[in-house]
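One chain is shown next in structure tokens, namely the form predicted alone.
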């Protein structure tokens, strides 16, 4: 949905968004009552009068797993053939040893804590989730597995879309302006690896600024200006935008 076509309205639960006939793209956050579309959460309602579509960007809430989501989790328990992993969901996730190691394990001869122990961090993908039990995650795939280095920044899961941006625009801006590697997980954990501590500090401040100001228009331009201003302040670039 183009920002030129859609208008955004900040709403609270119970507030009427609009009236008429619209296709609701975010049914978890918008309900129709007596011909009126009503918000069920705090967030930005996006109204497209041309296509007659309604969508919603929630501004608070917990992480609800979806199959194929990339998540960053912390190992909280080691079983005989699996690990329990905190992914900020209502239930802990299960990572099976056969999946992580790529081979069967013999619990009588192998201690899984020699591969992953409590407190270790993994990047994984949600493989199975049906709401009747905890999700099953997998580390099979490019870029998945144990996290060896980097810093984790946590934000509200519902603000993740703003850190990514429309068609990845914000994510790309953060990477190009800081030179950092950034992995944005759907559960609100962001893994960053930067060339130096100064750039890491700037990136963390920028991410937290995005979280705070997610509801304000013009966010991408403000974040770019903020990063440039911080780099100038720390002597990383000159006032003309050139590296020092």
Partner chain sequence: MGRVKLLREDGLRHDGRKPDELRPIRMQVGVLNKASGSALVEYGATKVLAAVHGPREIPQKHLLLPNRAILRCRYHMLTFSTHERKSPAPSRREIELSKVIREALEPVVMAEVFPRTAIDIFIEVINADGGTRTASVTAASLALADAGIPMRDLVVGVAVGKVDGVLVLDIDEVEDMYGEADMPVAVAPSLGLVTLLQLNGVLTREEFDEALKLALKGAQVIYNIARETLKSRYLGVKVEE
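Computed from a predicted model, the values in this text were never measured in an experiment. Residue numbers count along the first chain shown, from 1.
Note that the form predicted in complex with its partner chain isn't included here; everything after this is about it.
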Heavy atom within 4.5 Å of its partner chain in the model of the complex: which of 42, 47, 180, 70 fits that? Just give me the one.
-> 42
Tell me, which of 91, 115, 96, 74 has a heavy atom within 4.5 angstroms of its partner chain in the model of the complex?
-> 91
In the model of the complex, do 62, 134 and 213 all put a heavy atom within 4.5 Å of its partner chain?
-> yes
Would you please decide whether residue 196 lies within 4.5 angstroms of its partner chain in the model of the complex, comparing each non-hydrogen atom pair?
-> no
Would you check, heavy atoms only and a 4.5 Å threshold, whether residue 23 touches its partner chain in the model of the complex?
-> no
Residue contact check: residue 234 to its partner chain in the model of the complex, 4.5 Å heavy atom = no
Is residue 204 one of the residues lying within 4.5 Å of its partner chain in the model of the complex, judged by heavy atom distances?
-> no
Hey, of 171 to 179, 47 to 55, 205 to 213, 186 to 194, which bit sits against its partner chain in the model of the complex at 4.5 Å between non-hydrogen atoms?
-> 205 to 213
